[in-house]
Each structure stands twice: as C-alpha cells, then as structure tokens.
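The data below hold one chain only, encoded as structure tokens and taken in the form predicted alone.
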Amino acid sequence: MSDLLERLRGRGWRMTAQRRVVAEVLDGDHTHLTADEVHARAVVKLPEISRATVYNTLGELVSLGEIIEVSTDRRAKRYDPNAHRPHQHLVCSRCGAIRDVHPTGNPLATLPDSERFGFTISDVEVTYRGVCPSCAS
C-alpha cells in the first residue's frame, strides 16, 4: 500500500473507489501530475470516474495537507504527494518536468537578518531551474 493511502486511512478518510484510484495514481516519489493527467490515469483504472470527482478529490487532499499544489510557472498546477518530507523542486525550463530534490543545509539560514525586513519566516520554497536530460539531447 502507498504512503498516501496509509496516511489517508490513518486519518479515517472515507475511502471510496474514486478516492482510492486518485490516491493510487498520485503514488510515487517524483510524481507531479496535472489534474488532467491524474484523470487520464484514473480512467484507465476506473472508467466511470469523472473529471469533477478528480478535481474535487485533489482539492480535498490539498486541504488536508496530504498533497501539495505546485505552481512553478504559467503551466497547469501539478500535485505532489510528497507533502510530509521537506524538499525543493528542480524544474525543466523546456518541458516543465519536475523532480523533488533534497539539498542539505537550512535555506532559512542563508537569508541575512537585514533582508528579512522584520518578517518572522516560517517556510521557504526554492525552485531550481534547468534543462532535463531528455530536452538537452
């Protein structure tokens, strides 16, 4: 069983066939699918699942904090099930592929006090950009 499914069961989330399929589609270390991609894969497993059900389920999972909505550019939002392990993203500037990366060190420590402008900082998001091997060749 996937980590996401285990977490959802642990929360007592009502596991309908549609919700289960969406969670199964999202399972994986580097999965960053759009809602349409989730729907396309879910239909293979459960042909009667509607696009609206997929969008609603993704919205619920984001609200629960079980997945992260990722917007790295002007492309469609993507959904990241790796919501419980701190990480950053590496994005291909050509095709939009996204990979999770786990740099060492504390990115908050690199922002000097003079650049915090009195803010109490609670989180940081770093996006690394480049060209993936597929696009580079």
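Computed from a prediction, not measured in an experiment: that's the story for all the values here. Numbers follow the displayed sequence, beginning with 1.
The protein also exists as the form predicted together with another copy of the chain; that form is not presented, and the subsequent description refers to it.
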Residue contact check: residue 5 to another copy of the chain in the predicted bound form, 4.5 Å heavy atom: no
4.5 angstroms heavy atom contact with another copy of the chain in the predicted bound form for residue 111: yes
Partner proximity in the predicted bound form: residue 100 to another copy of the chain, non-hydrogen atom cutoff 4.5 Å: yes
Contact of residue 33 with another copy of the chain in the predicted bound form (heavy atom, 4.5 Å): no
Whether 55, 60 and 80 all lie within 4.5 angstroms of another copy of the chain in the predicted bound form by heavy atom: no
Heavy atom within 4.5 Å of another copy of the chain in the predicted bound form - qualifying residues of 63-93: 71, 73, 74, 75, 76, 77, 90, 91, 92
